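Form predicted alone, single chain, as C-alpha cells, below.
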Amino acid sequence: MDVIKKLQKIVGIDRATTSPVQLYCYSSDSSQIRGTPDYVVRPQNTEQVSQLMRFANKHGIPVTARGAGTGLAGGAVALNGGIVLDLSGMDMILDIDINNLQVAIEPGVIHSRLNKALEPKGFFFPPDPGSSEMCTLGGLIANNGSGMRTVKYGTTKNYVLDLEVVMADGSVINTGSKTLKSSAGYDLTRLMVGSEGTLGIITKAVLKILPLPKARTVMLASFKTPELAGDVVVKTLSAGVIPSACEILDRVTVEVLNAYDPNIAIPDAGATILFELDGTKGSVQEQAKVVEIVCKPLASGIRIATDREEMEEIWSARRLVGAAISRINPNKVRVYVGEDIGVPIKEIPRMLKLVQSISKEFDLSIMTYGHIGDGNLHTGMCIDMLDNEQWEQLDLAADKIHRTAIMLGGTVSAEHGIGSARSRYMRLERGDALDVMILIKRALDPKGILNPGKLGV
C-alpha cells in the first residue's frame, strides 16, 4: 500500500510529504523529546481530518496532532512514527458573537491574534500563556494551558463551551453547546480539554470571552528571600485581594530581565512579586492599598506602575524570561525539564525553600519564576548540553523537584502538559485514577493510534 499517495489524495499533493527535511522539522517541539514521523500532513478542514483518521484507524497508523510546536513536554512529538497532523493551517476566526459572550475558532488560530481581534470590541480571552505570540488555541486547549492571569480568571477549561472533535475512527462529534452552562450528560468538553490529543482531534472550538477591565495597574514588591515573597502572596490572598496576575521572580530571574531590557530596572533582591490588579478605577485603588499594607512589613521596596507602556514593557519581558536566561551564561542552554510544578497555595513558601535546597544539593543554578498566585512555579535550569555529567545532575534535580511537589500535595504539571516528559509520574500523582483514564483511552481509541506514548495511558 502506498500510504503517502493515499494521504495526498485526501489533502492534496502539496499538503502531505515524506521529505526527510520536513520530517526532521517536525521531529521535536520545544522540549528535549525527539521522535521522527513517517508522514507530515497539513489538513485544511474537518472533513479532511475525518478522512485521515478513518484511513489511519483502518491501517493502525499512529496520529499525532500538532499546532505551533511550542509545547514543553513532548506532547506533539511522534514517538511511534506515523502521521504528524499539522493543524496550524486551520486558522480561521469563524465568528465573534459579542451578544452571546463567545467566539468560534479553528484550532490553528494564534492566541495573541484572537485577543487583537477582540480588543477593539472591548473584550478578551483571559488565559494568557507566555507563548501568546506563537501558540495555537488548539494546543492551548489540548494542554489546558493558562498563563499569568489564572489566579483570578482560571484556566482554559473554564472558557471552552463546545468542541468539534474528530474521533479515532473518523467520526465527528460536538462535546458541548453555545450556552454558557449545561448539565446535559457527561462533560465531554472537559474530558477533551487537557487530553493532549490522546482521545480525539480538535477541529473547532467555541470559547467564552469577557469584557476588558476598565482599569489596570502593576505593583512590584521586592523581598530579601523567596520565602518572604511566598508568605506575602498567601497573606494577600487571605486578605481578600485576588490579583489578575501574581508572578514571582527570583534573584536570577531579575538579573535576566534587567539584562534583557535595562529600562525595566527591577531592583536587585532575593525575590520580586509582580501584582497585576484590574477592575474599575476605584476597585483597583482599593486593592492596591490592601496589597501595600500587606507587603510593607516584609518588603524591602514597593513600586507602582500605572502607565500602560511601562506595564506592557514589564509583561513583554516577563513572557520571554525563559528564553532570555541564556544572556546570563551564553555557554549554557535552558533545558525544559522539571519546569512546571504546582503546589497548594499554603505550601508555596516551603516549596520555594526546598527548591533552593535542591539547587545546592545538585550544584545547579535554578531560576525560579512563575504564577505564584495559583501555586504554579517554573524552575528553570541551564546546563552545558555537551557535558554528560551536567545532564545527569539535571535529571536528578528535576526528579526530586517533581517528587517534592507531589509530596506537598501538588502536581508535576500545572499548565504545560504531561506529554512523554512527565508520563512516568502519572501513577505516583494520580494513583488508581490512572486506571480509569486508561479505560477511557481504550474505549475511545481501542487501537491506540491517537498520540501514543503520552499521558501514561
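Note that the structure is predicted; figures quoted are calculated from it, not measured. Sequential numbering from 1, following the sequence displayed. Under this definition, the rigid core comprises the largest set of C-alpha atoms superposing within 1.5 Å between the forms.
Below: the form predicted in complex with a further copy of the same chain, not depicted.
**Student:** Taking a further copy of the same chain as it sits in the predicted complex, is Thr150 near enough to touch it, meaning that at least one heavy atom pair lies within 4.5 angstroms?
**Tutor:** Yes, Thr150 lies within 4.5 Å of a further copy of the same chain in the predicted complex.
**Student:** Should Gly373 be classed as touching a further copy of the same chain in the predicted complex when contacts are defined as heavy atoms within 4.5 Å?
**Tutor:** Gly373: contacts a further copy of the same chain in the predicted complex.
**Student:** Flag Pro267 as yes or no: does it have a non-hydrogen atom within 4.5 angstroms of any non-hydrogen atom of a further copy of the same chain in the predicted complex?
**Tutor:** Contact check for Pro267: no, nothing within 4.5 Å of a further copy of the same chain in the predicted complex.
**Student:** Using 4.5 Å between non-hydrogen atoms, is Gly35 touching a further copy of the same chain in the predicted complex?
**Tutor:** Result no; Gly35 lies far from a further copy of the same chain in the predicted complex.
**Student:** Choose one stretch from 322-330, 217-225, 279-287, 380-388: the one whose residues place a heavy atom within 4.5 angstroms of a further copy of the same chain in the predicted complex.
**Tutor:** After filtering at 4.5 Å, what remains is 279-287.
**Student:** Considering non-hydrogen atoms and a 4.5 Å limit, which listed residue (Asn80, Asn174, Gln356, Thr306) is close to a further copy of the same chain in the predicted complex?
**Tutor:** Residue within 4.5 Å of the partner: Asn174.
**Student:** So which of Leu94, Ala259, Leu191, Ala117 reaches within 4.5 angstroms of a further copy of the same chain in the predicted complex, heavy atom to heavy atom?
**Tutor:** By the 4.5 Å criterion, the partner-contacting residue is Leu191.
**Student:** When you measure heavy atoms, are Gly342, Ile418 and Leu455 every one within 4.5 angstroms of a further copy of the same chain in the predicted complex?
**Tutor:** Heavy-atom distance to a further copy of the same chain in the predicted complex: all three under 4.5 Å.
**Student:** Which of the residues spanning 213-238 lie within 4.5 Å of a further copy of the same chain in the predicted complex, based on heavy atoms?
**Tutor:** Heavy-atom contacts to a further copy of the same chain in the predicted complex: Lys214, Val234, Leu237, Ser238.
**Student:** So with the core overlaid, does the Cα of Arg318 end up 2 Å or more away between this form and the one not shown?
**Tutor:** Result for Arg318: yes, a 2 Å-plus shift.
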